[in-house]
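Okay, here we've got a single chain as structure tokens, the form predicted alone, with questions on binding and movement later.
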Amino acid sequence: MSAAVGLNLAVAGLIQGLLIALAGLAVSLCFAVARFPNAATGDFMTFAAYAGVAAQAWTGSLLAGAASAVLLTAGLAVASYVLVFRNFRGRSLVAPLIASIGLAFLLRSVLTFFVGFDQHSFHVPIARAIVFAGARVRPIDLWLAGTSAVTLLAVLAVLFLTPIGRRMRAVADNPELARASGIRARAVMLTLWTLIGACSAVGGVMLGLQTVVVPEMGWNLLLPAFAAAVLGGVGNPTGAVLAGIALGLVQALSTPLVGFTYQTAISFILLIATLVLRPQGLLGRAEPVR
């Protein structure tokens, strides 16, 4: 493999890794605070992509379409908490996990009912690729990488640098002690689901700009997202981000060996290996079962 090909694969892997990191961060946030893995994350992304395409067609602006997708998906995530997941508070993770799977199928069925299985796409201005050290990078890819990186940093900043973030981490570390300390669970959970919706929306628009928009697009990214969340340490948002970027790079750089068809298998292999060899993840810590 030549240096130019390797650099092209690394650039593609970095962009793919940032996309996986967004989905993995959404999964990790939900598990850390709400205490269950949200299987509807992928379909939140699909909803965002369709919302962005529709908003762009209505406004004629890609930026307005993306912003509308973020707002609508954040609203959908908050509504899913208020109408569905809030009812499972205090129960084992199995019940909300099954509910999230049902919600995922419901969202996909509703989208399919209204838009069918036809492929849709964003309208992206044609621009000449930028050549750097033999690697060809599209300007839209630079915008995608920058936007996703800013989103990831913004969410982590909310978690670690703001009062509501400290309250969220307190709930994640010890829910009973947090409630005894007077932390309002409602404000924490509404903020949590807003962040989950925002991460999913940026990831969905990013995925839609890279490929075509179809009902199964988000579901196909769910396994890499779960792999990133587990690999980085279940409930560790920073670890999920780093693991997602690493996973994207590994998938892209392994393309000459396994081809595009079997890239997802790498996520599955890493997920199984992590669960067997280090269940707490590479950056997580072992905790006793309560």
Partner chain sequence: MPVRKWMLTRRVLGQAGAATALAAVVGRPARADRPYRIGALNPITGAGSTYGSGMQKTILFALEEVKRAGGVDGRPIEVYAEDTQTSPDAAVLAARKLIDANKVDAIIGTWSSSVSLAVLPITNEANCLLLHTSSAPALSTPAQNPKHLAWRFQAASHQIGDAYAAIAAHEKASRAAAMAFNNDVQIASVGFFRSAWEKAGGKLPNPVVYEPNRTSYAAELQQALSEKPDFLVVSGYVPDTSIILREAYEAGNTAKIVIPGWAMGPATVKALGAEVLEGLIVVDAVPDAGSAAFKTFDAAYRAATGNPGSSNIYAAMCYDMVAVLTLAMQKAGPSADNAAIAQVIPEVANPPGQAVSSFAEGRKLLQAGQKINYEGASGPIDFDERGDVTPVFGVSVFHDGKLEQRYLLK
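Positions refer to the first chain, counted from 1. What you see is a predicted model; the values in this text were computed from it and never measured. Here the rigid core means the biggest group of C-alpha atoms that line up within 1.5 Å when the two forms are laid on top of each other.
Unshown form predicted together with its partner chain; subsequent notes refer to it.
With a 4.5 Å cutoff on heavy atoms, R167 does not count as touching its partner chain in the predicted bound form; it lies far away.
Taking the partner from elsewhere, Q210 is found to have a heavy atom lying within 4.5 Å of its partner chain in the predicted bound form. Interface membership of F117, defined by any non-hydrogen atom within 4.5 Å of its partner chain in the predicted bound form, is confirmed. Its partner chain is not shown here, but in the predicted bound form it comes within 4.5 Å of a heavy atom of R128. Checking 70-78, 191-199, 155-163, 216-224 against its partner chain in the predicted bound form, the stretch whose residues place heavy atoms within 4.5 Å of it is 216-224. Residues of 7-29 lying near its partner chain in the predicted bound form, listed in sequence order, are N8, L9, A12, Q16, L19, the criterion being any heavy atom within 4.5 Å. When two forms of a protein are overlaid on their rigid core, residues whose CA moves 2 Å or more are considered shifted, and L253 is one of them between this form and the one not shown.
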